[in-house]
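As a starting point, one isolated chain is supplied in structure tokens, in the form predicted on its own.
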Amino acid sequence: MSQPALSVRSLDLTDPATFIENDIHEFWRDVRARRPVYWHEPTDRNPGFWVVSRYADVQSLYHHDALSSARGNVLDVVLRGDDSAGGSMLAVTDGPRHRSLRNLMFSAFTPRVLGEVVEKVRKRTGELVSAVLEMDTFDFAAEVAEQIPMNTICDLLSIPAADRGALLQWNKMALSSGHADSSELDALSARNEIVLYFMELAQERRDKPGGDVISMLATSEVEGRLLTVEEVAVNCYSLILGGDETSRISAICAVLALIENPDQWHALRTGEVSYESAVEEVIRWATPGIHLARTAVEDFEIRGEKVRGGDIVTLWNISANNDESVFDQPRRFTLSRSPNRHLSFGHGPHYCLGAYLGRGELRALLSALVERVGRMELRGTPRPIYSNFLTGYESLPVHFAGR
């Protein structure tokens, strides 16, 4: 690999502690300026990989023909070898197979289909916010943020209420943790539990189909054959994981940012900024999924660096969404920001299927806060997520005063 002409500070991007113990935005500013594409040296446990940090490069590589998602799209997974769901799960497929799966799943995520689901989100969110107004200090993550996206995606999949608590706990362990002593085995076990649960449910819905998404997946053909129960399960796993983690973290970050930026809370409450604009800034500001991984299937060059077939290439959304060449004063929380073409939902063929639903959940939260809350106060130290894939907080102790 070519050596960098201008060195960048050496941080181990495979270590979750890196993202808690360092000013990560200062690090990315340095990377964008000095070496926007660089080779991350191997560690004792992991092979090396390419790091891409600038907005224009990240956006272009999202739909570059030389990059594949089939080996995995999360750094921890792809560093260990091929993703076992490659070719089966929408997020880790390419080409015709990806298009066929996406077309099938997209039918469950159109605004028309999701209209009723979003109305339930609005009602549930209002009730949750009203309930915490009676409390003194409470954890916004546990009392509100955790309850919205998981129940929303479970409504879409018609998952029994009795099973939702276990799914939430497995989901929180699958890609992140609140603790440094959590093991990779814990995360793997949680992922297996989710897949096994959905395999059983997929078989039940295949035998007795209903009008839900799992029944649709279990009884539909892709490329001339029914999906196996394993294929149905891994795609449900993907929906749960993506639908819960990113929306939950965005909601927590939204409340913290509004508390820390009272001028923006005032602008939202007085109608100086639209909900649509506010939602996009929260999503950019939070950037819950900080990277995506790809594998080069052939040689190509980017910014003078020669990427070889087989190399791992990581696209850092957290850096792209704070690129000064695209976003004016990116570390300023500005609800009126326009344009705001963030990459939090990805770009190109793998653009997030749940983007409409995620935006609907955030709008419902912001509306409920404006309608019901007069003042928000931080009542303790937020606890950060321990992850190299997700960024945000596991807990947020606050107090809400009613209007």
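In this text, rigid core is short for the largest set of C-alphas that superpose within 1.5 Å between two forms. All residue numbers are counted from 1 along the displayed sequence. Computed from a prediction, not measured in an experiment: that's the story for all the values here.
Keep in mind that the form predicted together with a small molecule is not shown, yet the notes after this line are about it.
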| Stretch in contact in the predicted bound form with the small molecule, which is absent here, among 126 to 134, 198 to 206, 236 to 244, 265 to 273 (heavy atoms within 4.5 Å) | 236 to 244
| query | Do heavy atoms from each of 36, 40 and 48 fall within 4.5 Å of the small molecule in the predicted bound form? | reply | no
| said: Counting any non-hydrogen atom inside 4.5 Å, which residue from 307, 121, 156, 254 sits next to the small molecule in the predicted bound form? | reply: 156
| task | Just give me the single entry in 58, 353, 335, 368 that has a non-hydrogen atom within 4.5 angstroms of the small molecule in the predicted bound form. | result | 353
| said: At 4.5 Å between heavy atoms, is residue 98 in contact with the small molecule in the predicted bound form? | reply: yes
| request: Report yes if any heavy atom of residue 62 sits within 4.5 Å of a heavy atom of the small molecule in the predicted bound form; otherwise report no. | output: yes
| said: So in the predicted bound form, is the small molecule close enough to residue 190 to count as touching (4.5 Å, heavy atoms)? | reply: no
| Would residue 27 count as touching the small molecule in the predicted bound form under a 4.5 Å heavy atom rule? | no
| task | Return yes or no for residue 275: a CA shift of at least 2 Å between this form and the one not shown, with the rigid core superposed? | result | no
| field | C-alpha of residue 113 off by 2 Å or more between this form and the one not shown on rigid core | value | yes
